[in-house]
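There is one chain below, alone, in structure tokens, taken in the form predicted on its own.
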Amino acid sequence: MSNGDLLHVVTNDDISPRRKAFGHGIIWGSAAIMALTATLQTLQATGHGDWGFTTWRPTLYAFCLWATALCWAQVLIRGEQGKRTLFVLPAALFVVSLTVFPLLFGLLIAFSSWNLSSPDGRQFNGFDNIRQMWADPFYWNAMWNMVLYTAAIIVEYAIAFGLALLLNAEIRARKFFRVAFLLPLMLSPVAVSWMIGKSMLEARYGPLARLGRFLGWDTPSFFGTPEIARLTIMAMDAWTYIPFMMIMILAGLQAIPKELNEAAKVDGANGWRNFWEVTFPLMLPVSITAILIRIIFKLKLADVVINVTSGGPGGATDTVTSFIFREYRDRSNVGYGTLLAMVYLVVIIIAMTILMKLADRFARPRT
């Protein structure tokens, strides 16, 4: 078997030191080309160097060359084992093209002054966007709103659990109620915004406003003050997504063997002890999964806010996502908006990592 025949089985013992050294040389050489190309392009794009390219296309070519050389070098160094690396190449290129390059380009924009309405175009401005973010009270208000909106998930979870217990019991018309409770989940958030936020909650002629006046509320306004507006947004979002948590918890309840609850009753446990000591611990993994997925949905909350209040009154109902959206749409401020999006991404990654570890700690001893 010749050293150049890469399609035959080659074990580690068959690989010569020269071939391994050649493989390592390919890795370091291609990595150096990739790093040099990216560095030159970055310096040229930020205005700190005269060398570089007019577009990022050569950097993309250098990356493809580096990825291909890396796979080839793995075959040279590891033989048959390294051939498996070739199967990773398409997936690696796909991931990089859709995530890594947009992320790197986003980082470049985040440190630039780029307003689409300005004839100056994109210009590197260092940490100016970060300083603007620190001094922006509306952005921090949106961040605080996200904390409040996310904390409301606990209430949503309690309601969803209660509904799931109700639908898991032997009640009449159970199938009808299951379908009825799931209807809000089938509606688009945009439709919910207009159907509820713009019609039912309308302050003059909306049926809920009329009901409020009938009950003694002189000037019913569901978006008039910051506190009521936040609660209204929370209620509308909860109305849409409580069925999602309910259906997950209901599926978990139906997976619990009935013999466990019957054995608890035989041992003298009443309904509350049966729930707290048997049902609830067994439901923890499903509950934590439902809450985590709901948090992910909540962190992206924007459509209801944009359609109903546009962040008002005075930015009181803004979420970070809706604030960033309006920064792009209303102010054409691409540079500042991208920085906010990058910061929010980092916050989400850190928060979800902590939550996943906490969830694993709470769920593991009970499974």
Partner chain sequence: MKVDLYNAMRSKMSRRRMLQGATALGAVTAMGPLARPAFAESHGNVRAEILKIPGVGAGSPTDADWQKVGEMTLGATKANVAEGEFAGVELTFFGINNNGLHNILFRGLLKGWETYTGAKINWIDLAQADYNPRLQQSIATGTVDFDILAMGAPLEGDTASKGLLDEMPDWVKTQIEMDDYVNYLKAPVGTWDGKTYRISIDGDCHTFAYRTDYFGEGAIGGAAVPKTWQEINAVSKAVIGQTDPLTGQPAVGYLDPLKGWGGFGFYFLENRAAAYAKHPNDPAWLFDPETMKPRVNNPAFVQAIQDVMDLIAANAYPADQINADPGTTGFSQFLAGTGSMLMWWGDIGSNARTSDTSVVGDVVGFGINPGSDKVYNSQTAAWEETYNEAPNMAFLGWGVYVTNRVSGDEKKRKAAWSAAAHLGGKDLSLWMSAYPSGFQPYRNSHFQYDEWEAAGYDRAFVEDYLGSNADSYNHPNAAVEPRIPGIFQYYSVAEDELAKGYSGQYKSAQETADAIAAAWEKITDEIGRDNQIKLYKASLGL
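Residue numbers count along the first chain shown, from 1. Keep in mind the model is a prediction, meaning the values are calculated, not measured.
Separately, the form predicted in complex with its partner chain exists; it is not shown, and the next lines address it.
With its partner chain omitted here, the record of contacts in the predicted bound form names 110 to 118 of 110 to 118, 278 to 286, 76 to 84, 252 to 260, defined by a heavy atom within 4.5 Å.
Note on the partner interface in the predicted bound form: the residue among 188, 219, 97, 199 having a heavy atom within 4.5 angstroms of its partner chain is 219.
Among the residues 297, 157, 138, 124, the one placing a heavy atom within 4.5 Å of its partner chain in the predicted bound form is 138. Residue contact with its partner chain in the predicted bound form: residue 314 places a heavy atom within 4.5 Å of it.
In the predicted bound form, its partner chain lies farther than 4.5 Å from every heavy atom of residue 195. For residue 333, a non-hydrogen atom is located within 4.5 Å of its partner chain in the predicted bound form, even though that partner is not displayed. Residue contact check for residue 132: one or more of its heavy atoms lie within 4.5 Å of its partner chain in the predicted bound form. Looking at its partner chain in the predicted bound form, residues 19, 67 and 72 place no heavy atom within 4.5 Å of it. In the predicted bound form, its partner chain lies within 4.5 angstroms of at least one heavy atom of each of the following residues of 196 to 215: 198, 203, 204, 205, in sequence order.
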